[in-house]
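Given as structure tokens, the chain that follows is alone and in the form predicted on its own.
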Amino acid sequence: MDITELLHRYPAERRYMLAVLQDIQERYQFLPKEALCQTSGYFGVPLSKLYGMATFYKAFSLKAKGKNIIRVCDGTACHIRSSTVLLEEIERLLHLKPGDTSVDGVFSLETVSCLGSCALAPVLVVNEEYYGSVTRTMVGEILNHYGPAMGEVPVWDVGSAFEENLEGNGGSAIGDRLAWDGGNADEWA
């Protein structure tokens, strides 16, 4: 469905502008400028009016989103239970800060004020899948379900290698594309 077809699902009355923006957001995962220009013409309103609506509601984005959207709750309960640690780990693994999308378009990272799951704090959501009581060590495992960002080197969890009794000569059990995160040097002393 192109934008013209989408627009003609609604009468050209201003009261339908929000519904059209929601449909465009749902289809493209953001509001492309070209779509806003067409919408502006269809409703006969200045583009600035649509821009105002698009920037007022947090549900809209003017930037393209990744295939997988990671939302980290930073509400009071999650913040107290170290949601910032989750954000730091995501930044370390994917080189993303809140509001960014990976170069390959696989991941986008957002923070949200509350996901309504305070009993499970800290919580992160990937697309529609909720993960509760998340720790730093769980973040990489969760993200691996959705595929590593292209060009990024996945980090090998040394702890799991020991648990699985992997053997090798000088690290031969670790695949070529895997980098070893040796962790904190104090832990190895």
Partner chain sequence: MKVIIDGLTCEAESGEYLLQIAKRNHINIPTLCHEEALAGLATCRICIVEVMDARQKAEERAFGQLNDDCGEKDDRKRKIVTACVYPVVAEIEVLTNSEKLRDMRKAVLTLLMARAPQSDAIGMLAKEYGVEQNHRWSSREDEKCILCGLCVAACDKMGTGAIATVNRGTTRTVSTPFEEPAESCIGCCSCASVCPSGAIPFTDLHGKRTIWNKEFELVSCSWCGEVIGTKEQLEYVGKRNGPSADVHGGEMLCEHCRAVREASRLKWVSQPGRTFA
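Residue numbers count along the first chain shown, from 1. Values in this document were obtained by computation on a predicted structure and should not be read as measured data.
Absent from the display: the form predicted in complex with the partner chain. The rest refers to it.
Enquirer: Can you pick the stretch from 124-132, 139-147, 66-74, 53-61 whose heavy atoms fall within 4.5 Å of the partner chain in the model of the complex?
Expert: In short, 53-61.
Enquirer: Give a yes or no for residue 49: in the model of the complex, does one of its heavy atoms lie within 4.5 Å of a heavy atom belonging to the partner chain?
Expert: Residue 49: contacts the partner chain in the model of the complex.
Enquirer: Mind listing which residues of 8-41 have a heavy atom within 4.5 Å of the partner chain in the model of the complex?
Expert: Read in sequence order, the residues that approach the partner chain (within 4.5 Å, in the model of the complex) are 33, 36.
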